[in-house]
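First comes one chain, alone, set out as structure tokens in the form predicted on its own.
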Amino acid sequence: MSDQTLPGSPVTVGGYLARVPGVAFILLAMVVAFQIGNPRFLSITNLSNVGLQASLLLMLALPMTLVILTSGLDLSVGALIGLAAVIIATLLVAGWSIFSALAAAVALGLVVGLLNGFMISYLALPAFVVTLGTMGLCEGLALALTNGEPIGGFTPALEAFYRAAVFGIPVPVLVAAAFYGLLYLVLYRTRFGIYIFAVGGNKDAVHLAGIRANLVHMAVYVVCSVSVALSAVLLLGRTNSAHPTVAVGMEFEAIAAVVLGGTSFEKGQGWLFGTVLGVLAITVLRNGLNVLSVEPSLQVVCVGVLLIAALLIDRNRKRPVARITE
């Protein structure tokens, strides 16, 4: 999972720096540049805003990391969170309790996750094609339920939850941090986490070892979809309305954040904290460009440039190193 030096070999500063993904250096450079461009960039108010913006993307990118670690992909997360938000808002307007509406969102995530996971793991269909199909399915259902119109007028409790803070830290940031801690324990402290890396590395070998690799593979998509569906609460709190297409395109930023963080689409290689760095890089970039009044369309271009730049830096810095177990 990670490169280790040989026992007894000297540990150098260069050795440590070689393990830092290129996105970390780019992130530092962006912070310095945006602070020079606008002295208010590192203000408490703007940093709090960066945290709020990063929290929702992190809730999508973290489970996406698990999917990509299995050499998979999930293009449906943007459309799914939009559909989940529509369902929650519709049920709240109809008089359902928040807990019942959340249960419906969980059920939706479970169905989509099982659908994706079963076709990808048991039927061996390409993840790109399957999740592209469920993306269209979720987006179409959201549009059909709303006639393309936003839904508002539900309980203000969600917006109050999103705007709340504990000891000055926004609640969504705390939620995202807790979610990171939970996935960290799952990925690095459980057998399920070990199996995720193994499935990404060599699924056939996992089968031969007597492990139900297909079930593990499917479970990853279920975890991803359920997590994304629950994240609709943050989306509703941010926008105070449910629009069927508001989150379409977020799958691109979620995948970009995972790749920026150093997770590979092959061989089950990657790390969860790298995704956090990737999310921060994209969020800081977008926030800084907003502060400098850059057009939203050009911001998407800049995210693509950021991704390519980070990949080129990592490619040029990689060197063969010995691998041993801890």
Partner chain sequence: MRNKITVTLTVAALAWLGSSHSTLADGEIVAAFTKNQVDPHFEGVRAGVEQMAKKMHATVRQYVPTKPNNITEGMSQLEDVGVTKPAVILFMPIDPKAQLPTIKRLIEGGTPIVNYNDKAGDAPYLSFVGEDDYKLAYDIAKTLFEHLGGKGNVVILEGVKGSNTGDERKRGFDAALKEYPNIKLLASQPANFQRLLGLQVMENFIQQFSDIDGVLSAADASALGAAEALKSAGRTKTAVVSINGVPEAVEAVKEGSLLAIAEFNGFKIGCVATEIGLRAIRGEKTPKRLLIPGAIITKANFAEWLVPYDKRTCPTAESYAAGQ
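Positions refer to the first chain, counted from 1. Rigid core here is just the name for the largest C-alpha set that superposes within 1.5 Å across the two forms. Nothing here was measured: the structure is a model prediction, and the numbers come from that model.
Unshown form predicted in complex with its partner chain; subsequent notes refer to it.
Enquirer: Using a 4.5 Å heavy atom cut-off, state whether Pro156 contacts its partner chain in the predicted bound form.
Expert: Residue-level check for Pro156: no, no contact with its partner chain.
Enquirer: State yes or no: in the predicted bound form, is some non-hydrogen atom of Val291 no more than 4.5 angstroms from a non-hydrogen atom of its partner chain?
Expert: Contact with its partner chain, yes.
Enquirer: Can you check whether Met30 is within 4.5 Å of its partner chain in the predicted bound form, heavy atom basis?
Expert: Taking the distances in the predicted bound form, the answer for Met30 is yes, it comes within 4.5 Å of its partner chain.
Enquirer: Whether Ala104 contacts its partner chain in the predicted bound form should be assessed with a 4.5 Å heavy atom distance threshold; does it?
Expert: Taking the distances in the predicted bound form, the answer for Ala104 is no, it never comes within 4.5 Å of its partner chain.
Enquirer: Please identify, from 96-104, 179-187, 225-233, 244-252, the stretch that has a heavy atom within 4.5 Å of its partner chain in the predicted bound form.
Expert: It is 244-252 that comes within 4.5 Å of the partner.
Enquirer: Checking Val300 here: with the core superposed, does its CA move 2 Å or more between this form and the one not shown?
Expert: Superposed on the core, Val300 moves its C-alpha 2 Å or more between this form and the one not shown.
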